[in-house]
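Here you get one chain, nothing else, as structure tokens; it is the form predicted on its own.
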């Protein structure tokens, strides 16, 4: 076994942005809010290795990539290239790093200069890094990306290429420097389905032929099996599950991964399968605080041990508490629709009708009723305390990463140790 460090390693990487302050924030001396785009992400990429980062739009995938190539400075943690932290790079180190770590961008229609021919686009990085024998390199890389014969394409401009051909040129531009690592940012999302498979197969073959490592970033879990040996599932800046691709597609553990896998299209119109419920959209990644970040959308939130409540009803309470904590309730609109805007009993009833479809029983119903009455009377703090005291979930604590011997990692409170990852614990939802 080699003792060499990983080719590319990310350790507890953070990238936060400060939300713009307004005049009132400045006068009140409020600390600017933090947009937690990437939060405590760790992963490794070995030589001739391929890994994927998968998640919905806004989960932090592209920010992660831009931080990896140095376009964003890390807020915390570090990136290591061949064992050396990039935070200690000097100018020559950065030049070598940017030569050896190349990017394939998402949009082939805008990532190529419309005024440059294919030959000029491919020769430009060679000129920047002072590499000779350019004509040979350009012809060879065009053949490798299946744009053959090269003479047919060298003089063309992007306007004379199809979408698939443009992306193959983008792939060739990344390969022409013979890099160690390619960062592929949703490289087929702008292409039609018939072209996607061909381009993905080309990329997979190039990983083997060139001995290059690839970090593949996408929102589409159905494409990762073409490229990646390992999948890292990302949600609101954090990796919630990581495992070998075949295993994670066959038996996902985290509720969010389950939902992504269940959304993969099946090429059989008669195939019937149960889909995982996942409502809403990711919240804004601003001042997220502690807790599982998927809890407001999770179909299997964990209630207190002594609380008897249907899962669907419990999720409504959790979602309401989240909105109350973020001051995101439509109180003014609901109040304006009342005949008497000062009638707190009517407002409490209207709030229940607005945010709750499922009935609660016994003490659960009594606590919710008291909390809504407090909120209608203007005491949001008491409403929050009442709901927290009765309905607080362990999911409001940040789950630890639990890893098995075969390097399957899950961050979910349903898995307290690695033996529970092997035997799936997430319950069937009602």
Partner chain sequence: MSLRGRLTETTPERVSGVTDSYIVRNFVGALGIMLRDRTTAFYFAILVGVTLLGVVGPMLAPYGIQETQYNAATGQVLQAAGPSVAHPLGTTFAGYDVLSRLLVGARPTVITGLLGGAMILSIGTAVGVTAGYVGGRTETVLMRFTDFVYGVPLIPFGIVLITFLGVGFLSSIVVIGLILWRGGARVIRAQTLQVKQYPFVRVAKATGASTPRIIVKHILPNVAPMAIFFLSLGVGYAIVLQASLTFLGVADPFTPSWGVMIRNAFRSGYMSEAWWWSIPPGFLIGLTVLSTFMFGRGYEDLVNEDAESAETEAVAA
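Residue numbers count along the first chain shown, from 1. Just so it is clear, the structure is predicted and the values come from calculations on it, not from any experiment.
Note that the form predicted in complex with the partner chain isn't included here; everything after this is about it.
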* Structure fact -> Checked 324, 190, 182, 74 for heavy atoms within 4.5 Å of the partner chain in the model of the complex; positive is 190
* To do: Answer with one of 307, 116, 346, 286: the residue that has a non-hydrogen atom within 4.5 Å of the partner chain in the model of the complex.
  => 116
* Is residue 128 one of the residues lying within 4.5 Å of the partner chain in the model of the complex, judged by heavy atom distances? -> yes
* Asked: Is residue 157 a contact residue for the partner chain in the model of the complex, using a 4.5 Å heavy atom cut-off?
  -> yes
* **4.5 angstroms heavy atom contact with the partner chain in the model of the complex for residue 86** => no
* **in the model of the complex, residue 366 touching the partner chain (heavy atom, 4.5 Å)** => no
* To do: Verify the flagged residues 10, 13 and 64 against the partner chain in the model of the complex: is each one within 4.5 Å by a non-hydrogen atom?
  => no
* in the model of the complex, residues of 167-189 near the partner chain [heavy atom within 4.5 Å] -> 173, 177
